[in-house]
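Okay, so we've got a single protein chain in two different forms coming up as structure tokens, structure 1 first and structure 2 after it.
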Structure 1
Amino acid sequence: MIRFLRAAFAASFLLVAPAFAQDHDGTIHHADLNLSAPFTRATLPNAPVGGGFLSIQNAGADADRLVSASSPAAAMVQIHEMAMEGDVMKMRQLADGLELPPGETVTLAPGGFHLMFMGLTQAFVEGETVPVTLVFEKAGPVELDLPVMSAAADAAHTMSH
């Protein structure tokens, strides 16, 4: 009986464990997707929102879609877009998610597509990380940590060796 329970536990872990690998430069390979340069910005204490940014390369032959995100650091994480409407920059939720065309890289960056952390459970502190789970239509879920950069950061730091 114990042997059966151990096998069942091991099998259940394999079913829910994300299948990904990470390069020495921090790029996460998940199915046909390569996730790189993740970061977020430091927030003030009691700030209600924060942004999340990264690049997602779809190396596959078929389109995929970022359909949702979640984090224990926020009550809700939405996928947003900043775009000009006339002379006004507006932000809106992408209710259908973010299309990832085959062979292309989509960048989530300040002033464009981004993750919007809403209802922060704590301030984002420079030097710490914020865990997030991204869910893709075809590739499934993947967990990653967003390094917290300065409040004015507009890109992830890259390390040169």
Structure 2
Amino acid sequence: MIRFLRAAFAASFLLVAPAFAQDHDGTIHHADLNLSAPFTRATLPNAPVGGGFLSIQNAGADADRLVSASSPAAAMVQIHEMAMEGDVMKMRQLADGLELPPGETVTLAPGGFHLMFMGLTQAFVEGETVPVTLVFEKAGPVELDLPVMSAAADAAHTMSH
């Protein structure tokens, strides 16, 4: 019985233990991928959408691909690319996901690639975090928290002025 309990305890621990290792600086190591500096921005009142940002380094020898994302904070999360063409903002959904070439770092940042949270179930409040699950073609799924920065934040850690 004790052995059974111990096994159950061990098993439950395995279930709740994160499937990734995390550095002191917060970088998440997930298979060959290193995920760092995740953040999102505080949303304005009634804004039903939000953007998610992070850096993804592919330290492996093979290409991988961010194929989808989901979050309990949104009805849907899509992978988008934004670009300025002259003074016009253009946005496209990357239906095939985001290519992660071997040895390269792809950055999801304001003004470029981003996760688009659509149909928010709650406002994103500065200082809180928003959970998101990213699904990679080879590395599989990984769950992480995006700290909510100010509404116009450019990076995970705002520089002091």
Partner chain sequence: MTIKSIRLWLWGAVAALALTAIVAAVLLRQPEQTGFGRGSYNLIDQNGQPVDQTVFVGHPTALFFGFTHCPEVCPTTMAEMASWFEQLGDEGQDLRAYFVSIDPQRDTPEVLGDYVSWVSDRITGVTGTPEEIAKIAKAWGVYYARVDLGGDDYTMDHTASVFLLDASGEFQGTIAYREDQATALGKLRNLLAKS
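Residue 1 is the first residue of structure 1, and the numbers go on in sequence order from there. Quick caveat: nothing in here was measured; it's all calculated off a predicted structure. Heads up, when I say rigid core I mean the largest set of C-alphas that superpose within 1.5 Å between the two forms.
Just one of these is the form predicted in complex with the partner chain; is it 1 or 2?
If we ask which form is the one predicted in complex with the partner chain, the answer is structure 2.
Comparing between the two structures on the rigid core: C-alpha of residue 75 shifted by 2 Å or more?
No, its C-alpha moves less than 2 Å.
Does residue 89 move its CA by 2 angstroms or more between the two structures when the core is aligned?
After core superposition, the displacement of the residue 89 C-alpha between the two structures reaches the 2 Å mark, so yes.
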